[in-house]
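First, one chain by itself in C-alpha coordinates, the form predicted alone.
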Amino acid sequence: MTHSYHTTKLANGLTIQLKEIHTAPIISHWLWYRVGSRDEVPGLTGISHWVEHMQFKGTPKFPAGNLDKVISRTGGVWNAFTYLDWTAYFETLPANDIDLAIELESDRMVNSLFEPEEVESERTVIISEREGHENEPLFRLDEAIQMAAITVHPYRNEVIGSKDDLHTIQRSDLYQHYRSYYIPNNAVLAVAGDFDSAEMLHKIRTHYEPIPAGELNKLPVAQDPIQDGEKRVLVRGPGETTFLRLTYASPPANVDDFFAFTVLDSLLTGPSSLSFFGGGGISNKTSRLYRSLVERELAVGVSGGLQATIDPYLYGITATVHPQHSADEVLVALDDEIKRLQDAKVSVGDVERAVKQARAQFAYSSENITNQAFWLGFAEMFAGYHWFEGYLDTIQTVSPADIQRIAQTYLQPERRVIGVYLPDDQAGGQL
(Lines give C-alpha, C1' and ligand atoms only; values in the text may rest on other atoms or scores of the structure.)
Protein backbone atom coordinates (compact mmCIF):
# COMPACT_ATOMS: atom_id res chain seq x y z
CA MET A 1 0.00 0.00 0.00
CA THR A 2 1.44 3.36 -1.06
CA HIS A 3 0.61 6.55 0.82
CA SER A 4 2.87 9.15 -0.76
CA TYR A 5 2.22 12.68 0.54
CA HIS A 6 3.25 15.80 -1.36
CA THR A 7 2.57 19.48 -0.78
CA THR A 8 3.40 22.58 -2.77
CA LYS A 9 2.16 26.09 -3.41
CA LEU A 10 1.46 27.51 -6.86
CA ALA A 11 2.71 30.92 -7.94
CA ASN A 12 -0.79 32.36 -7.36
CA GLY A 13 -0.79 31.21 -3.73
CA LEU A 14 -2.97 28.10 -4.06
CA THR A 15 -1.81 25.44 -1.59
CA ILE A 16 -1.79 21.91 -3.04
CA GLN A 17 -1.99 18.77 -0.87
CA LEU A 18 -1.64 15.41 -2.62
CA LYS A 19 -1.80 11.95 -1.09
CA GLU A 20 -1.46 8.83 -3.21
CA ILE A 21 -3.60 5.93 -1.97
CA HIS A 22 -3.53 3.01 -4.38
CA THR A 23 -6.19 0.82 -2.75
CA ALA A 24 -9.00 1.46 -5.25
CA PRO A 25 -9.34 3.29 -8.60
CA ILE A 26 -10.93 6.33 -6.91
CA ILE A 27 -9.84 9.93 -6.39
CA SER A 28 -11.35 12.50 -4.03
CA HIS A 29 -10.85 16.20 -4.86
CA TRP A 30 -11.54 18.84 -2.18
CA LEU A 31 -11.28 22.60 -2.62
CA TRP A 32 -11.25 24.52 0.66
CA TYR A 33 -11.68 28.27 1.06
CA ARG A 34 -10.68 30.05 4.25
CA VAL A 35 -14.04 31.75 4.67
CA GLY A 36 -16.99 30.98 6.91
CA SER A 37 -19.23 32.66 9.44
CA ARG A 38 -16.07 33.87 11.22
CA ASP A 39 -15.62 36.30 8.31
CA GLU A 40 -19.10 37.82 8.46
CA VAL A 41 -20.38 41.06 9.94
CA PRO A 42 -23.80 42.04 11.30
CA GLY A 43 -26.18 42.56 8.41
CA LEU A 44 -24.45 39.90 6.32
CA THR A 45 -24.67 36.82 8.53
CA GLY A 46 -25.19 33.66 6.52
CA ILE A 47 -23.58 35.10 3.40
CA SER A 48 -20.82 32.45 3.21
CA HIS A 49 -23.40 29.66 3.27
CA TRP A 50 -25.49 31.45 0.64
CA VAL A 51 -22.46 31.87 -1.64
CA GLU A 52 -21.86 28.13 -1.30
CA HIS A 53 -25.38 27.53 -2.58
CA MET A 54 -24.78 29.86 -5.52
CA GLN A 55 -21.76 27.82 -6.59
CA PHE A 56 -24.21 25.14 -7.67
CA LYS A 57 -26.13 27.54 -9.90
CA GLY A 58 -23.77 27.27 -12.81
CA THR A 59 -21.13 28.94 -14.94
CA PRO A 60 -21.19 29.52 -18.72
CA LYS A 61 -19.15 26.31 -19.12
CA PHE A 62 -21.11 24.24 -16.60
CA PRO A 63 -24.78 25.35 -16.63
CA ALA A 64 -26.70 24.65 -13.43
CA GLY A 65 -28.99 22.02 -14.90
CA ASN A 66 -26.07 19.94 -16.18
CA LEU A 67 -23.89 19.72 -13.08
CA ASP A 68 -25.66 16.88 -11.28
CA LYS A 69 -26.05 14.92 -14.49
CA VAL A 70 -22.38 15.23 -15.39
CA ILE A 71 -21.24 13.98 -11.97
CA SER A 72 -23.87 11.23 -11.82
CA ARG A 73 -22.88 9.84 -15.22
CA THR A 74 -19.44 9.04 -13.86
CA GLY A 75 -20.85 7.28 -10.80
CA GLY A 76 -19.31 9.97 -8.62
CA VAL A 77 -20.60 11.98 -5.68
CA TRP A 78 -20.19 15.64 -4.77
CA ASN A 79 -21.28 18.09 -2.12
CA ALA A 80 -20.25 21.18 -0.18
CA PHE A 81 -20.13 22.42 3.44
CA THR A 82 -19.91 25.79 5.13
CA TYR A 83 -18.85 26.17 8.74
CA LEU A 84 -17.32 28.66 11.15
CA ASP A 85 -13.86 28.95 9.57
CA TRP A 86 -14.20 27.51 6.10
CA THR A 87 -16.21 26.50 3.04
CA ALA A 88 -15.37 23.26 1.20
CA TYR A 89 -16.40 21.58 -2.05
CA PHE A 90 -15.66 17.98 -2.95
CA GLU A 91 -16.02 15.42 -5.72
CA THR A 92 -15.16 11.75 -5.35
CA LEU A 93 -14.95 10.11 -8.75
CA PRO A 94 -13.52 7.13 -10.60
CA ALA A 95 -9.85 7.87 -11.11
CA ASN A 96 -10.13 8.20 -14.87
CA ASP A 97 -12.78 10.93 -14.50
CA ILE A 98 -10.88 13.22 -12.12
CA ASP A 99 -10.31 15.83 -14.84
CA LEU A 100 -13.98 16.71 -14.47
CA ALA A 101 -13.54 17.75 -10.82
CA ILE A 102 -10.43 19.78 -11.62
CA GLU A 103 -12.12 21.57 -14.51
CA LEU A 104 -15.33 22.17 -12.57
CA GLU A 105 -13.81 23.66 -9.42
CA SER A 106 -11.20 25.77 -11.21
CA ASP A 107 -14.05 27.16 -13.32
CA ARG A 108 -16.31 27.82 -10.33
CA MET A 109 -13.49 29.68 -8.62
CA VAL A 110 -13.84 32.52 -11.15
CA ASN A 111 -16.90 32.11 -13.37
CA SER A 112 -19.97 31.50 -11.20
CA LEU A 113 -22.85 33.56 -12.59
CA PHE A 114 -24.95 34.68 -9.61
CA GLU A 115 -27.93 35.28 -11.90
CA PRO A 116 -30.44 37.60 -10.14
CA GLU A 117 -33.32 35.18 -10.54
CA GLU A 118 -31.21 32.37 -9.05
CA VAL A 119 -30.27 34.60 -6.12
CA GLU A 120 -33.94 35.23 -5.35
CA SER A 121 -34.83 31.58 -5.77
CA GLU A 122 -32.09 30.59 -3.37
CA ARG A 123 -33.19 33.24 -0.89
CA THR A 124 -36.50 31.37 -0.62
CA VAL A 125 -34.73 28.03 -0.26
CA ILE A 126 -32.39 29.22 2.51
CA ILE A 127 -35.09 31.03 4.47
CA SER A 128 -37.16 27.86 4.28
CA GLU A 129 -34.13 25.88 5.50
CA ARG A 130 -33.73 28.32 8.38
CA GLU A 131 -37.42 28.06 9.30
CA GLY A 132 -37.13 24.27 9.25
CA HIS A 133 -34.26 24.46 11.73
CA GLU A 134 -36.37 26.70 13.95
CA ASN A 135 -38.75 23.78 14.41
CA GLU A 136 -35.92 21.76 15.96
CA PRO A 137 -35.59 22.21 19.74
CA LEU A 138 -31.82 21.82 19.83
CA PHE A 139 -31.28 24.38 17.06
CA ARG A 140 -33.33 26.91 18.98
CA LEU A 141 -31.54 26.11 22.21
CA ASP A 142 -28.08 26.18 20.61
CA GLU A 143 -28.72 29.55 18.99
CA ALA A 144 -29.84 31.07 22.28
CA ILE A 145 -26.82 29.61 24.10
CA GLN A 146 -24.35 30.84 21.47
CA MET A 147 -25.72 34.36 21.71
CA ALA A 148 -25.33 34.24 25.50
CA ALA A 149 -21.92 32.56 25.57
CA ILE A 150 -20.21 34.60 22.84
CA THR A 151 -20.67 38.35 23.01
CA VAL A 152 -18.58 39.84 20.18
CA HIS A 153 -16.85 37.11 18.17
CA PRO A 154 -18.62 36.13 14.90
CA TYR A 155 -18.82 32.53 16.14
CA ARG A 156 -21.90 33.72 18.03
CA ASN A 157 -23.95 33.67 14.80
CA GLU A 158 -25.46 30.58 13.24
CA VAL A 159 -23.76 29.60 9.98
CA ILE A 160 -27.09 29.82 8.16
CA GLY A 161 -27.46 33.45 9.30
CA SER A 162 -30.26 35.41 10.89
CA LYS A 163 -33.63 35.57 9.16
CA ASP A 164 -33.48 39.37 9.05
CA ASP A 165 -30.17 39.28 7.17
CA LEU A 166 -31.40 36.58 4.80
CA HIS A 167 -34.24 38.90 3.79
CA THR A 168 -31.98 41.89 3.07
CA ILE A 169 -28.75 40.48 1.56
CA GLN A 170 -28.52 41.46 -2.11
CA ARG A 171 -26.94 39.94 -5.20
CA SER A 172 -24.16 42.56 -5.09
CA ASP A 173 -23.31 41.52 -1.50
CA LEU A 174 -23.06 37.87 -2.49
CA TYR A 175 -20.94 38.53 -5.54
CA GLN A 176 -18.58 40.82 -3.61
CA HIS A 177 -18.15 38.13 -0.95
CA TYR A 178 -17.42 35.55 -3.67
CA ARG A 179 -14.86 37.73 -5.40
CA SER A 180 -13.20 38.69 -2.11
CA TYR A 181 -12.64 35.18 -0.78
CA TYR A 182 -12.80 32.75 -3.72
CA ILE A 183 -9.25 33.40 -4.81
CA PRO A 184 -6.37 30.92 -5.07
CA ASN A 185 -4.30 32.56 -2.34
CA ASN A 186 -7.19 31.94 0.09
CA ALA A 187 -7.68 28.29 -0.88
CA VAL A 188 -6.32 24.79 -0.29
CA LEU A 189 -6.73 22.03 -2.88
CA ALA A 190 -6.56 18.55 -1.35
CA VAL A 191 -6.55 15.43 -3.51
CA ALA A 192 -6.26 11.83 -2.34
CA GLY A 193 -6.53 8.58 -4.22
CA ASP A 194 -5.20 6.51 -7.10
CA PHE A 195 -2.91 8.84 -9.07
CA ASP A 196 0.70 9.70 -9.75
CA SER A 197 1.61 12.93 -7.94
CA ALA A 198 3.67 14.38 -10.79
CA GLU A 199 0.89 13.78 -13.30
CA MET A 200 -1.76 15.13 -10.92
CA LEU A 201 0.26 18.26 -10.18
CA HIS A 202 0.60 18.89 -13.92
CA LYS A 203 -3.19 18.65 -14.35
CA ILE A 204 -3.74 21.01 -11.43
CA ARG A 205 -1.22 23.55 -12.70
CA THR A 206 -2.85 23.55 -16.12
CA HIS A 207 -6.25 24.52 -14.77
CA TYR A 208 -5.54 26.46 -11.57
CA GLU A 209 -2.27 28.29 -12.11
CA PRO A 210 -3.62 30.70 -14.77
CA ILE A 211 -6.07 32.07 -12.16
CA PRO A 212 -4.51 35.25 -10.76
CA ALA A 213 -4.06 35.78 -7.03
CA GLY A 214 -6.52 38.21 -5.50
CA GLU A 215 -6.20 40.93 -2.94
CA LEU A 216 -7.14 39.32 0.35
CA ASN A 217 -8.36 41.74 3.01
CA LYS A 218 -9.43 39.60 5.95
CA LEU A 219 -11.62 41.38 8.46
CA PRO A 220 -10.21 41.79 11.97
CA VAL A 221 -11.97 39.41 14.35
CA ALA A 222 -12.91 40.68 17.80
CA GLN A 223 -12.03 38.20 20.55
CA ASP A 224 -14.41 37.58 23.43
CA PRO A 225 -13.35 38.45 26.97
CA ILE A 226 -13.16 35.57 29.44
CA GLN A 227 -16.64 34.95 30.83
CA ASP A 228 -16.72 35.77 34.53
CA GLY A 229 -20.12 34.54 35.59
CA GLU A 230 -22.49 31.65 34.91
CA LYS A 231 -25.32 32.40 32.48
CA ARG A 232 -28.65 30.62 32.14
CA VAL A 233 -30.98 30.38 29.17
CA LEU A 234 -34.51 28.98 29.04
CA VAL A 235 -36.16 28.31 25.69
CA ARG A 236 -39.77 27.20 25.41
CA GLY A 237 -41.33 25.64 22.35
CA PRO A 238 -43.31 22.78 20.87
CA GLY A 239 -42.52 19.15 21.55
CA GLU A 240 -42.58 16.65 24.37
CA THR A 241 -38.91 16.44 25.32
CA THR A 242 -36.84 18.52 27.74
CA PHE A 243 -33.19 19.08 26.84
CA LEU A 244 -30.36 20.29 29.05
CA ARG A 245 -27.29 21.72 27.34
CA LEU A 246 -24.16 23.07 28.98
CA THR A 247 -21.45 24.92 27.09
CA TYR A 248 -18.00 25.85 28.36
CA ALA A 249 -15.39 28.02 26.68
CA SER A 250 -12.94 25.68 24.92
CA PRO A 251 -9.48 26.16 23.42
CA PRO A 252 -8.63 26.47 19.71
CA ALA A 253 -7.45 23.32 17.97
CA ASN A 254 -3.80 24.31 17.56
CA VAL A 255 -2.88 24.40 21.28
CA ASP A 256 -1.82 21.51 23.51
CA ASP A 257 -4.89 21.82 25.76
CA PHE A 258 -7.12 20.82 22.86
CA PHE A 259 -5.71 17.28 22.77
CA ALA A 260 -6.13 16.73 26.50
CA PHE A 261 -9.65 18.17 26.24
CA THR A 262 -10.41 15.59 23.53
CA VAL A 263 -9.51 12.78 25.93
CA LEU A 264 -11.54 14.39 28.72
CA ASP A 265 -14.54 14.47 26.37
CA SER A 266 -14.03 10.80 25.55
CA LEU A 267 -13.94 9.97 29.26
CA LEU A 268 -16.88 12.15 30.25
CA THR A 269 -19.39 11.76 27.37
CA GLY A 270 -17.83 9.21 25.03
CA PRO A 271 -15.61 9.68 21.96
CA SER A 272 -16.91 12.09 19.34
CA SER A 273 -15.70 12.58 15.79
CA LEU A 274 -13.91 15.77 14.76
CA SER A 275 -14.66 14.96 11.14
CA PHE A 276 -17.61 16.64 9.41
CA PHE A 277 -17.68 13.85 6.89
CA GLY A 278 -18.69 10.84 8.89
CA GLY A 279 -16.76 7.96 10.38
CA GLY A 280 -17.62 4.95 12.47
CA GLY A 281 -19.41 5.56 15.71
CA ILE A 282 -18.26 4.12 19.02
CA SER A 283 -20.67 3.49 21.88
CA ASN A 284 -20.48 5.93 24.79
CA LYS A 285 -21.88 3.42 27.29
CA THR A 286 -18.62 3.29 29.22
CA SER A 287 -18.50 7.07 29.66
CA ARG A 288 -19.00 8.60 33.08
CA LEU A 289 -22.06 10.62 32.15
CA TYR A 290 -23.77 7.69 30.45
CA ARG A 291 -23.38 5.67 33.64
CA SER A 292 -24.48 8.47 35.95
CA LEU A 293 -27.32 9.87 33.83
CA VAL A 294 -28.64 7.22 31.44
CA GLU A 295 -28.13 4.09 33.52
CA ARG A 296 -29.74 5.85 36.50
CA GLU A 297 -32.63 6.86 34.17
CA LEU A 298 -32.18 10.58 34.80
CA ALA A 299 -31.62 11.06 31.06
CA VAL A 300 -32.53 9.16 27.93
CA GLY A 301 -29.26 10.06 26.23
CA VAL A 302 -26.15 12.16 26.64
CA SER A 303 -23.47 13.40 24.25
CA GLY A 304 -20.59 15.84 24.08
CA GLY A 305 -18.74 17.68 21.40
CA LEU A 306 -15.50 19.60 20.91
CA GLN A 307 -14.91 21.45 17.63
CA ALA A 308 -11.58 22.08 15.91
CA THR A 309 -11.56 25.83 15.29
CA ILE A 310 -9.14 28.71 14.72
CA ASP A 311 -10.28 30.70 17.75
CA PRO A 312 -11.60 29.59 21.15
CA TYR A 313 -15.12 28.21 20.82
CA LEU A 314 -17.53 26.12 22.92
CA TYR A 315 -17.47 22.63 24.37
CA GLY A 316 -21.02 21.32 24.69
CA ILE A 317 -22.68 18.60 26.77
CA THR A 318 -26.26 17.72 25.87
CA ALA A 319 -28.64 15.54 27.86
CA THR A 320 -32.10 14.41 26.81
CA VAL A 321 -33.97 14.56 30.09
CA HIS A 322 -35.97 11.49 31.13
CA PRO A 323 -39.74 12.19 31.19
CA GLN A 324 -39.91 11.28 34.89
CA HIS A 325 -37.16 13.71 35.89
CA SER A 326 -36.25 17.37 35.56
CA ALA A 327 -33.37 19.33 34.10
CA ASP A 328 -32.47 20.36 37.67
CA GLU A 329 -31.92 16.74 38.71
CA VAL A 330 -29.82 16.02 35.64
CA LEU A 331 -27.72 19.14 36.28
CA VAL A 332 -26.97 18.06 39.85
CA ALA A 333 -25.77 14.63 38.70
CA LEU A 334 -23.78 16.13 35.86
CA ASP A 335 -22.06 18.59 38.17
CA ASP A 336 -21.18 15.76 40.53
CA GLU A 337 -19.28 14.01 37.72
CA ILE A 338 -17.44 17.18 36.72
CA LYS A 339 -16.46 17.78 40.36
CA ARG A 340 -15.06 14.24 40.53
CA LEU A 341 -12.77 15.06 37.61
CA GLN A 342 -11.65 18.27 39.26
CA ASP A 343 -11.07 16.88 42.76
CA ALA A 344 -9.27 13.62 42.05
CA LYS A 345 -6.97 12.36 39.33
CA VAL A 346 -8.53 9.85 36.99
CA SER A 347 -7.03 6.37 37.14
CA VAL A 348 -4.43 5.44 34.57
CA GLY A 349 -6.71 2.66 33.35
CA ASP A 350 -9.61 5.06 32.72
CA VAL A 351 -7.36 7.43 30.80
CA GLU A 352 -5.96 4.58 28.71
CA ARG A 353 -9.50 3.47 27.83
CA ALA A 354 -10.57 7.01 26.92
CA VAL A 355 -7.46 7.50 24.78
CA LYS A 356 -8.02 4.15 23.06
CA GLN A 357 -11.62 5.08 22.21
CA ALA A 358 -10.64 8.56 21.01
CA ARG A 359 -7.90 7.08 18.83
CA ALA A 360 -10.32 4.53 17.38
CA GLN A 361 -12.91 7.21 16.62
CA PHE A 362 -10.23 9.30 14.90
CA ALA A 363 -9.08 6.31 12.86
CA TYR A 364 -12.64 5.55 11.76
CA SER A 365 -13.04 9.15 10.59
CA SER A 366 -10.06 8.82 8.24
CA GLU A 367 -10.42 5.28 6.95
CA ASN A 368 -11.51 5.81 3.32
CA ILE A 369 -10.19 7.86 0.40
CA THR A 370 -12.78 10.62 0.70
CA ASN A 371 -12.05 11.02 4.41
CA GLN A 372 -8.30 11.07 3.75
CA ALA A 373 -8.77 13.91 1.27
CA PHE A 374 -11.05 15.67 3.77
CA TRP A 375 -8.35 15.63 6.46
CA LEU A 376 -5.69 16.89 4.04
CA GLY A 377 -7.59 20.14 3.68
CA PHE A 378 -9.50 20.35 6.95
CA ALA A 379 -6.38 20.32 9.12
CA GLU A 380 -5.01 23.21 7.05
CA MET A 381 -7.99 25.35 8.02
CA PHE A 382 -6.91 25.68 11.66
CA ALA A 383 -3.36 24.31 11.92
CA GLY A 384 -1.65 22.24 9.22
CA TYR A 385 -1.41 18.68 8.03
CA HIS A 386 1.23 18.05 10.71
CA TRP A 387 -1.65 18.38 13.20
CA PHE A 388 -3.42 15.41 11.61
CA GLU A 389 -0.24 13.36 11.29
CA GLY A 390 0.67 13.88 14.95
CA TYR A 391 -2.82 13.60 16.44
CA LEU A 392 -2.73 9.93 17.49
CA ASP A 393 0.74 10.18 19.02
CA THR A 394 -0.14 13.41 20.83
CA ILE A 395 -3.27 12.16 22.58
CA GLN A 396 -1.36 9.03 23.56
CA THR A 397 0.74 11.25 25.85
CA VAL A 398 -2.27 12.67 27.78
CA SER A 399 -1.97 11.85 31.49
CA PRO A 400 -4.40 11.74 34.46
CA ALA A 401 -2.89 15.03 35.65
CA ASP A 402 -3.68 16.60 32.26
CA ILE A 403 -7.33 15.53 32.54
CA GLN A 404 -7.65 17.00 36.02
CA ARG A 405 -5.99 20.26 34.92
CA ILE A 406 -8.32 20.64 31.93
CA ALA A 407 -11.37 19.99 34.13
CA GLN A 408 -10.18 22.53 36.70
CA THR A 409 -9.30 25.14 34.07
CA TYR A 410 -12.19 24.95 31.62
CA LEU A 411 -15.16 23.27 33.33
CA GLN A 412 -15.79 26.03 35.86
CA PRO A 413 -19.33 27.29 36.57
CA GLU A 414 -18.37 30.91 35.91
CA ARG A 415 -17.26 29.97 32.39
CA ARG A 416 -20.42 28.20 31.28
CA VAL A 417 -23.91 28.73 29.97
CA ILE A 418 -26.69 26.43 31.15
CA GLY A 419 -29.49 26.07 28.64
CA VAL A 420 -32.82 24.28 28.99
CA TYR A 421 -35.38 23.58 26.28
CA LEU A 422 -38.78 23.12 27.92
CA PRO A 423 -41.90 22.04 26.02
CA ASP A 424 -44.70 24.61 26.17
CA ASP A 425 -47.06 22.31 28.06
CA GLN A 426 -44.61 21.72 30.91
CA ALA A 427 -44.64 23.88 33.99
CA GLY A 428 -41.58 25.20 35.72
CA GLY A 429 -38.31 25.76 33.99
CA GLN A 430 -36.39 27.37 36.81
CA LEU A 431 -32.86 26.02 37.23
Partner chain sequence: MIKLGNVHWNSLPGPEDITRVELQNGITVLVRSNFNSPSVVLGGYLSCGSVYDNDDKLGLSYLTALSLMRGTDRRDFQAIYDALESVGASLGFGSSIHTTSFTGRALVDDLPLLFTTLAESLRQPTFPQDQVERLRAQILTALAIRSQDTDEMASLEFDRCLFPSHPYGRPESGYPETVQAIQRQDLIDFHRQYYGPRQMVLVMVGGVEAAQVLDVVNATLGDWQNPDQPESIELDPPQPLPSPHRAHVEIPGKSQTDLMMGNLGPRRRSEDYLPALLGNSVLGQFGMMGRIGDVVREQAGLAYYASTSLSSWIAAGSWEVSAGVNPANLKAAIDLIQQEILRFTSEPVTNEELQDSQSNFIGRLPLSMESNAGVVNALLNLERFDLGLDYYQKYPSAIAGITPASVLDVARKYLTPESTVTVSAGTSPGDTTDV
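The model shown is predicted, which means the values in this text are computed figures rather than measured ones. Residue numbers count along the first chain shown, from 1.
Keep in mind that the form predicted together with its partner chain is not shown, yet the notes after this line are about it.
Colleague: When its partner chain is placed as it is in the predicted bound form, which of 303-311, 94-102, 169-177, 326-334 ends up with heavy atoms within 4.5 Å of it?
Modeller: Looking at the partner contacts, the answer comes out as 94-102.
Colleague: Report yes if any heavy atom of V294 sits within 4.5 Å of a heavy atom of its partner chain in the predicted bound form; otherwise report no.
Modeller: Taking the distances in the predicted bound form, the answer for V294 is yes, it comes within 4.5 Å of its partner chain.
Colleague: When the contact criterion is heavy atoms within 4.5 Å, does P116 count as touching its partner chain in the predicted bound form?
Modeller: No - in the predicted bound form, heavy atoms of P116 and its partner chain never come within 4.5 Å of each other.
Colleague: Against its partner chain in the predicted bound form, would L44 count as a contact residue? Criterion: heavy atoms within 4.5 Å.
Modeller: No, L44 sits far enough from its partner chain in the predicted bound form that none of its heavy atoms falls within 4.5 Å.
Colleague: If we define contact as a non-hydrogen atom of the residue within 4.5 angstroms of the partner, is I395 a contact of its partner chain in the predicted bound form?
Modeller: No.
Colleague: Which one of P252, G161, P154, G76 is close to its partner chain in the predicted bound form, taking close to mean a heavy atom within 4.5 Å?
Modeller: Only one listed residue qualifies here, and that residue is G76.
Colleague: Which residue among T241, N111, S197, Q342 has a heavy atom within 4.5 angstroms of its partner chain in the predicted bound form?
Modeller: By the 4.5 Å heavy-atom cutoff, the listed residue in contact is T241.
Colleague: Within 4.5 Å of its partner chain in the predicted bound form - does that hold for a heavy atom of every one of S4, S37 and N186?
Modeller: Per the other structure, none of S4, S37 and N186 touch its partner chain.
Colleague: Judged by heavy atom distances of 4.5 Å or less, which residues of 324-353 approach its partner chain in the predicted bound form?
Modeller: Counting only heavy atoms within 4.5 Å of its partner chain in the predicted bound form, the single contacting residue of 324-353 is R353.
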